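Next up: a single chain in structure tokens, the form predicted on its own.
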Amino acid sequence: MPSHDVMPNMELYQPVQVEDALAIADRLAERAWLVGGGQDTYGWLKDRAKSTDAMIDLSGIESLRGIRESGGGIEIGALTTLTEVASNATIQQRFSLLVDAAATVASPQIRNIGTLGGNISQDVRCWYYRRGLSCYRAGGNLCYADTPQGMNRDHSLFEASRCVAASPSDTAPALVALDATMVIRNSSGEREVSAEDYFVGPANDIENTTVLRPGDILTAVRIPATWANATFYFEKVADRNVWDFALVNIAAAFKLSGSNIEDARIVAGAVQATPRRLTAVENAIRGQAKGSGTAESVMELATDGARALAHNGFKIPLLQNLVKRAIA
């Protein structure tokens, strides 16, 4: 049996220019695995749950790091670490929702290495999928989690099509709430995709969680000024305060006129394979006073259409109460 204490053999490429990385990614296509901080990648490869012929290490490309003013908003390089995001004065002042989200990821050690691009693009968490079992997402014909005996406490409430694994990212809901845009480059050029459209559910693509395809590189995240200095709320509920994934998280942005809500974006994480925009709640609270009365009246809208699995029914009242707290 192969040892799981060492990395498998593969080709390693370490470009220092984006153009070189794009050329290599285009040439290798599906043979290559892109890696930034590597916090998700190395676990997959070391455990042999996934394999690759070649790895393109992007960590030496300095142009993919840093936080810059851009069109009234900000642009964050995809390789910017979560610690840098959480400690940046401009983001703290204008987009503190993202600061709060980034500061809850894993542990300080992981945030020092893990990147924003990696956190939003990581694969779903599921015990069966990550053990290398042949589930639907891995090309098989069964979902091991969606059974009465399945270990599905952490899994989805919504939009489960064959796969019930949930999105693990803490920063993704915040970026959707902030109406961010993902900047993607390949050998053909550059395109922008809204954060809401960047993530892909299993009904549309059972194998991928984002719109990235072979040859694509996520180079930056752009946050417009639209929601700068709004009233923000972020909360993550997990079994442990550090080094753990969310059971449910909530990211909310409010534009207020006095005490009334003029506009809002409320996004939940860890309840489906993609960040879930709670548009029914948003529509119900526009023009209403921000407070406990409004919160009580709309909190149940957050879980319309939810389907509890055998062991994750607690997520329904949990999501309702996080929405209540955000609005109240």
Ligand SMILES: Cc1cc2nc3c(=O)[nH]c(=O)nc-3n(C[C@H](O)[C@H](O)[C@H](O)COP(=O)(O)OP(=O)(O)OC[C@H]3O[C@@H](n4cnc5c(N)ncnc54)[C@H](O)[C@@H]3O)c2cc1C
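Numbers follow the displayed sequence, beginning with 1. On a predicted model such as this, the values are computed, not experimentally measured, just so you know.
Here the subject shifts to the form predicted together with the named molecule, a form of this protein not shown in this document.
Mapping the unseen interface onto this chain, Ile206 falls outside it, with no heavy atom inside 4.5 Å of the named molecule in the predicted complex. Contact annotation for Thr303: none of its heavy atoms lies within 4.5 Å of the named molecule in the predicted complex. Contact check for Ile67: no non-hydrogen atom falls within 4.5 Å of the named molecule in the predicted complex.
Contact annotation: Thr41 falls within 4.5 Å of the named molecule in the predicted complex, judged by heavy atom distances. Contact with the named molecule in the predicted complex, defined as a heavy atom within 4.5 Å, is made by none of Ala228, Thr294 and Ala326.
Residue in contact with the named molecule in the predicted complex (any heavy atom within 4.5 Å), chosen from Arg222, Arg162, Arg125, Lys255: Arg125. For the options Asn88, Thr181, Thr104, Asn152, the one in contact with the named molecule in the predicted complex, meaning a heavy atom within 4.5 Å, is Thr104. With the partner omitted here, the stretch from 72-80, 188-196, 91-99, 132-140 that lies within 4.5 Å of the named molecule by heavy atoms in the predicted complex is 72-80. Contacts to the named molecule in the predicted complex (heavy atom within 4.5 Å) from stretch 10-43: Trp33, Leu34, Val35, Gly36, Gly37, Gly38, Gln39, Asp40, Thr41.
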